[in-house]
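As structure tokens, one chain now follows by itself in the form predicted alone.
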Amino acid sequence: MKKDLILKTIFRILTYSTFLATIGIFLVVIIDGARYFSIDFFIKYPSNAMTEGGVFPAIVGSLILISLGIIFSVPLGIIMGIFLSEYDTLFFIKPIDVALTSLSGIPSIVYGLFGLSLFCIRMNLGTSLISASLTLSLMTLPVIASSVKEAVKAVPVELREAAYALGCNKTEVISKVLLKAAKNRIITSALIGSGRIFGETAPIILTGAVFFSTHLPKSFLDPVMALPSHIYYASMAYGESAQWMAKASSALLLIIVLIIYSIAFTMRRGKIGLDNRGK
């Protein structure tokens, strides 16, 4: 009993220490960068070697990337997750499941190199918005598919049996029962994938991001500025005079990611959206 109490105390101390350290890092980055926030920072283009102006094209570029990435990855991720959950008796499902789990842990730079080879070079899309979006979609797909699979598996078996007892077929059970019951967790998975897309740097540097742009992308084949790559370029290539912009951009990116994850975890607890027991 005493040993269990000691272990419980140790784990609690480690948990609180990790939590406080994480909060401390967030506060340092946000407080240090937010002091540079201004109207010009949000609505102007960067100028004078990243030492003046703002990050408007990087904000818009990141929003476009996250939108396209979700459009490409979420529908396919939902279909794959449902298939892995509902047809897990098929002989080839287990290897696919193992492959998805493995792909979830691959470093993002590997996806960037793959996207560079396939989309930019082999498919001749070049350094472009579409190349970066497709690369980010491939990177996020395993995470969304695995999360959807677990969400569907977590639906009580009584709901499935009741639907079959009422005469529903497999398709109707999936569309009218499983997806409805697991909708909050599926939306949560999509939001978590969005947060990862928004914060990735390596894939977009290799496939679609540029140092500086004087205009917003006019087509899917144009390159784009994005907040993560902008932070990297401002920090590494433009010296001390541009560090304020890197700090402000880091604070903005962290705030947006925290908002996305906060919405996701709030939905996971069922505090947003229709209750699954409702209509």
Partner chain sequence: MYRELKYLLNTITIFAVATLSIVILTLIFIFMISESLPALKSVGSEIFTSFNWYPTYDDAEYGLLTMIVDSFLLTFLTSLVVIPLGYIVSAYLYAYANLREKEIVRSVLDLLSGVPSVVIGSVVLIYIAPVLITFEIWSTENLLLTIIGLTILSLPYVVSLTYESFESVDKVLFESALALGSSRFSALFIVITRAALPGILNAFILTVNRIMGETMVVLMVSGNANIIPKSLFDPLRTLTSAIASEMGEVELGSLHYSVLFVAGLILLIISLILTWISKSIQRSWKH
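The structure presented is a predicted model; accordingly, all values stated were derived computationally and were not measured. Numbering follows the first chain given and starts at 1.
Missing here is the form predicted in complex with its partner chain; even so, the following discussion is about that form.
- When its partner chain is considered in the model of the complex, residue 47 lies well away from it, no heavy atom lying within 4.5 Å.
- Taking non-hydrogen atoms only, residue 177 never approaches its partner chain to within 4.5 angstroms in the model of the complex.
- Within 4.5 Å of some heavy atom of its partner chain in the model of the complex lies at least one heavy atom of residue 79.
- Contact check for residue 65: no non-hydrogen atom falls within 4.5 Å of its partner chain in the model of the complex.
- With its partner chain omitted here, the record of contacts in the model of the complex names 243-251 of 243-251, 213-221, 52-60, 38-46, defined by a heavy atom within 4.5 Å.
- Although the partner is absent from the chain shown here, none of 124, 151 and 184 has a heavy atom within 4.5 Å of its partner chain in the model of the complex.
- Of the listed positions (155, 141, 130, 191), a single one reaches within 4.5 angstroms of its partner chain by any non-hydrogen atom in the model of the complex, namely 141.
- Along 159-196, residues 167, 168, 169, 170, 171, 172, 174 each place a heavy atom within 4.5 Å of its partner chain in the model of the complex.
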